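Quick setup: one chain, the form predicted alone, written in structure tokens, and binding and motion questions come after.
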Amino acid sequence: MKALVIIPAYNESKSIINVVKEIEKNKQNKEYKLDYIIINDGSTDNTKEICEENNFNVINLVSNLGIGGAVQTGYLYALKHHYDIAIQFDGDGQHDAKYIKDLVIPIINGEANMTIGSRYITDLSSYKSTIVRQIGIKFLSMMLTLLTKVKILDVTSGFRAVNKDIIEIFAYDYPSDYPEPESIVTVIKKGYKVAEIPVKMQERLYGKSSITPLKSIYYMIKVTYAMIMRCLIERK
């Protein structure tokens, strides 16, 4: 089995070296072969130079496509190179590479088509995000359950893995604006099984999230609309 870690990175010069080092430290296992690809999403800092100086596996996008476009580029790469599993892994250092295997094994065993690394199904992760974002995540989780009849607690988690079937779907149809919750709707509505796996996450050390508290309410309204529209599209 071949597994690919997709690392979207926008201005992650301070964290990208440690992210790759952690993935390299957790590559050795008997169940699958693990590679990675960094998608440098038109960074304006020296992320590109750092990746090239360290001979990292990287695709440099000429302009910023946003998280959806960057991750879709990774899925296109995974499809082209015939990977069996793809893992999304943020370039900001929040995700712990030790839990990649926990996400991959249920897919190898046929227990799930998609796995989502969750902060909320156990107390394993002490970092849960800000209070405002936690409220928003709970609301989106309720919306997902209402739309799909499936309960997923950490609907905005960017730490996830998918099998070959979903790699192909995401390579050609991956949401651009609110990819995490929308893509879950797509997978469930197409009849695939999604499993939530407990993982440990930490607060990012450098940079800041693009979703500020002032944007959270607007974000929630837009994501809810996008999820509903995605649900209607998948019914056709």
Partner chain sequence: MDIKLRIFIILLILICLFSILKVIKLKKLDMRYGMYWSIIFIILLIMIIFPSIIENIAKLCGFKEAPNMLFLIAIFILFYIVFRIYITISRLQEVNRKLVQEISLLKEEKKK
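Residue numbers count along the first chain shown, from 1. What you see is a predicted model, and the numbers here were worked out from it, not measured in a lab.
Here the subject shifts to the form predicted together with its partner chain, a form of this protein not shown in this document.
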query	finding
Contact assignment for its partner chain in the model of the complex, among Asn29, Ser176, Gln202, Asn46, heavy atom within 4.5 Å	Ser176
Candidate stretches 51 to 59, 29 to 37, 176 to 184, 189 to 197 - the one whose heavy atoms come within 4.5 Å of its partner chain in the model of the complex	176 to 184
Close approach of Met1 to its partner chain in the model of the complex, 4.5 Å, heavy atom	no
Ala226 within 4.5 Å of its partner chain in the model of the complex, heavy atoms	yes
is_contact(Lys222, its partner chain) in the model of the complex, heavy atom dist at most 4.5 Å	yes
Candidate spot Ile23, Lys25 and Tyr77, all three touching its partner chain in the model of the complex (heavy atom, 4.5 Å)	no
Within 4.5 Å of its partner chain in the model of the complex: residues from 4 to 35 (heavy atom criterion)	none
